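A single chain, nothing else alongside it, follows as structure tokens in the form predicted on its own.
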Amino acid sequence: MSVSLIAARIDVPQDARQVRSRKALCGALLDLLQETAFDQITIREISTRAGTGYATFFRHYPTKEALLGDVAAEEICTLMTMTATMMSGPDRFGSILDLCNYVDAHRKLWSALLTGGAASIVRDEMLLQTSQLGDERLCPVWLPPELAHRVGVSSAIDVLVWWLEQKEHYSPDQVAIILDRLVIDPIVDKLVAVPGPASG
């Protein structure tokens, strides 16, 4: 089993020069992810693109996976919390719209994470975090909660990937409607409305 990106994340430095170096390395990785697959990117390429020395990379990160964890971990946590809210919160459509506005406001980052070279790693991390967000009260007895959330999150990711790949720009409002009608409404309605097997 692969190590979680969250587990690979490195503590944020306090020194201004270290902060600048890390920001440059993170930006370089994001740029490279839009050009090639994560497993084909080398540390030397990241360092060159960042304008830092090769040895500087290792003063900040032990591996390129740790750098990816630094770039992605906080964003994934934020997005997964929003996804959980739209599955079970009181204002479902408002939560979906908040998520779409958030992705749109951070479009370059999410394009790199969900459609770039690290897409499979990021998807795996999001699904890993799904298991920690389940609400068993929403599920009938026949449906395992982790499966319900896995299907919801996977489908939501697919819609976001589709949106980010479109040449024609769809507004967050349009995508929120698609997410609600195509993904969330059918799952939530099934979770809430379908009774478990009769007892007795």
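Just count from 1 along the sequence shown to find any residue number. All figures in this text were calculated on a predicted structure; none of them were measured in a lab.
Just so it is clear, the following notes concern the form predicted together with the DNA, a form of the same protein that is not shown.
J.: Considering Thr36, Ser154, Thr42, Ser171, which brings a non-hydrogen atom within 4.5 Å of the DNA in the model of the complex?
T.: Exactly one listed residue reaches within 4.5 Å, namely Thr42.
J.: When the DNA is placed as it is in the model of the complex, which of 158-166, 59-67, 145-153, 26-34 ends up with heavy atoms within 4.5 Å of it?
T.: Flagged stretch: 59-67.
J.: I'd like to check something about Arg181: if you look in the model of the complex, is any of its heavy atoms closer than or equal to 4.5 Å to a heavy atom of the DNA?
T.: Output for Arg181 is no: heavy atoms all beyond 4.5 Å of the DNA.
J.: May I ask you to list the residues of 18-54 that have any heavy atom within 4.5 angstroms of the DNA in the model of the complex, in sequence order?
T.: The stretch 18-54, when checked against the DNA in the model of the complex, contributes Gln18, Arg20, Ser21, Thr42, Ile43, Arg44, Gly51, Thr52, Gly53, Tyr54 at the 4.5 Å heavy-atom cut-off.
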